[in-house]
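Taken one at a time, structure 1 and structure 2 that follow are two forms of one protein chain, written as structure tokens.
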Structure 1
Amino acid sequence: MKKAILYINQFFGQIGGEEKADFEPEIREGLVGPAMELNKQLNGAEVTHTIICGDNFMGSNEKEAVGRIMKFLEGKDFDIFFAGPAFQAGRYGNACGVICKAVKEKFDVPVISSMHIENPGVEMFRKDVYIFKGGNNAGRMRQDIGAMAAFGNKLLNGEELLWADAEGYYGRGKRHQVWLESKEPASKRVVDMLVKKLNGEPFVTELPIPKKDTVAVAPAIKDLGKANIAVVTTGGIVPLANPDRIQSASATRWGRYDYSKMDRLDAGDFKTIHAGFDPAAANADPNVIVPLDALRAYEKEGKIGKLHEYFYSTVGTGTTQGEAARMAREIVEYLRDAKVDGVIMTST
């Protein structure tokens, strides 16, 4: 019987929620939490150990955490390594990616995880780890574990592995040739594709070209002393009540807020709702993200002509490129109407 080990976080390890996110890594013999389901669905291996680590501990002490877990694994006999599923939890996704990559490098065994498409861990680790396309919440646990286990079974049994889309994991950027089951020759495929393209019907290219969305650098503002300057941020600074209900991650909404009567943003009136960084400093002084105080000083000195009446805000973490571009297009309308000459973009 082959052997598997599963990595999970403090929550799924039944240690506790956010308050236990600093939980230091532990290895336990046998099955904890999702390991039970994994063990049930694996038919080529048994899960011998469960590793549990707090998401913050991994996030803040990565080297230490990875080092300790590698020590746990030394001398252990295992053929395959799983982590998660991490659903849409960003820190958990990161932790699963970090540990899978380290295990693969050190022990050269297959590593498998599962995450929702909006989990930042997907883009960070898809090249290194088989990350299956998972749900966005733990309601999908059984299904996501099932996908991880089914692929694990194929790997352990030496079965033929299909490509990413067919197996259900995020492509790892490795393109290889395959023989089509249909045996349809390229000549037929190319004529069919042309006829579809000519008739405006949908077709699927066999060589997707990554879209490069490069933006040309704008020409310099000739006379900054006469320019109307605006601030746009993805740092999530909003009035305390978050009146536009901008999401703390994967944002689809944005807001514009009048600060024309203020000389600085006061901590009692503004805060950040961004979930991707420690908010303490920004909440104590929102000007570190929307630098109203500094820009007022520049305005007085005549360094800039004027500061536009509003600042524009959304949240950048987990936000897709598509949504970000749409929001930008909407914001640009207002900037154009107000004859803004230049924009300071702040991110976090």
Structure 2
Amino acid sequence: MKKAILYINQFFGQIGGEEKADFEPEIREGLVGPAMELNKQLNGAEVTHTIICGDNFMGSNEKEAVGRIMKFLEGKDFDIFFAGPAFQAGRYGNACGVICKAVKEKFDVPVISSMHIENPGVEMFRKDVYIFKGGNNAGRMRQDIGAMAAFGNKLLNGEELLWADAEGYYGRGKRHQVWLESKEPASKRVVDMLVKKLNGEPFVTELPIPKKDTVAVAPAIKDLGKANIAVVTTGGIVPLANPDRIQSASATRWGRYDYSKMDRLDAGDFKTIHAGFDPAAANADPNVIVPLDALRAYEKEGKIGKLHEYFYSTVGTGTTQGEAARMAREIVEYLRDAKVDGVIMTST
């Protein structure tokens, strides 16, 4: 019987939510949370251990977390390693990628995870890990676990592996020569594609070229002492009533708030509605996210010419790239109208 090990975070490890995100690495014999479903769907293999680690602990203490988990695995007999699914949770996706890459490098076993396309872990680790195209929330748990297990079964049983799209994982930038059953020569295939393109018909290229959304670096501000500076944040700082009803995660809304007559943001007047971090510090002092107090000091000292009258706020956790780009385009129009010279972008 082949053996597998699963890595999960504190939430799916049934330790707790955000308040337990600093949970230190732990290995448990047997099945915890998603490991039960994974074990059901593996064919000829069993999950022997579950590793649990808080997302914040992995993110803030990566070297220590990885080192401790590597020690857990020393002497363990396992043939394959799984992590997640991480859905659209960025810190979880990063943690899954980090530990899978480390396990692959040290123990030379296949490593498999699953993430939503908007999870930053996809671009960070797709070349190192089999990352399956997953859903954006835990409602897809059984389906995403199923995809991971099915591919794990193929690897463990030595079955023929298909290309990334056919298997369901994100392409890893690796190309292999494949002999088609049709034996149709490349010359004919390429002419067929060209004809379809000329006729406006759909076709699929055999050599996809990744498209990168690159942003040119803006020129340096020549004289900060005369510059109009604005603040934009994804840290979710809003007036107490959250008048724009910005979502605490997967945001599609943003707000614009006048702080021109203030020297600092006072607790009780402003708060964070961000669901991706412990809000205690930000609610006690909103200036740790939107540093109005420090910028007012800079303004009085002449280090910046002027602080723009408004700050702009939304929430980053779970927010898709498409929605983020759309909100940015809308905010930029206000910044251009106000002749803003530079933007300080703050997060959590």
Partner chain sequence: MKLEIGNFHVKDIVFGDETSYRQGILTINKKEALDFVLEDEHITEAELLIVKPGDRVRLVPVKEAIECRVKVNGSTLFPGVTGDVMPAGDGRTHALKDCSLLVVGKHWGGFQDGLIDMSGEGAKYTYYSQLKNIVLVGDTDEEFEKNEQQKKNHALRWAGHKLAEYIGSCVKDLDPEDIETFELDPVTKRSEDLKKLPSMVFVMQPQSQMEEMGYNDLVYGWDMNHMVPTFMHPNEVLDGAVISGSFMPVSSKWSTYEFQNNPTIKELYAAHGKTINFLGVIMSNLNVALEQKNRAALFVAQMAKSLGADGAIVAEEGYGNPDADFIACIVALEDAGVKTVGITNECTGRDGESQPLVALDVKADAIVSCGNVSELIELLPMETVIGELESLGRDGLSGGWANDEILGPSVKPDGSIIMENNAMFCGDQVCGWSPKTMKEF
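C-alpha atoms forming the largest set that superposes within 1.5 Å between two forms make up the rigid core. Keep in mind that this is a model prediction, so the values were computed, not measured. Residues are numbered by position in structure 1's sequence, first residue being 1.
- The form predicted alone is represented by structure 2; structure 1 is the other form.
- A movement of the C-alpha atom of G146 falling short of 2 angstroms is seen between structures 1 and 2 when the two forms are aligned on their rigid core.
- The Cα shift for L335 between structures 1 and 2, taken after rigid core superposition, is 2 angstroms or larger.
- In a rigid-core overlay of the protein, E184 has its C-alpha displaced by at least 2 Å between structures 1 and 2.
- The shift recorded for the CA atom of A241 between structures 1 and 2 is 7.0 Å, with superposition on the rigid core.
- After superposing on the rigid core, the C-alpha of A230 is displaced by 8.4 Å between structures 1 and 2.
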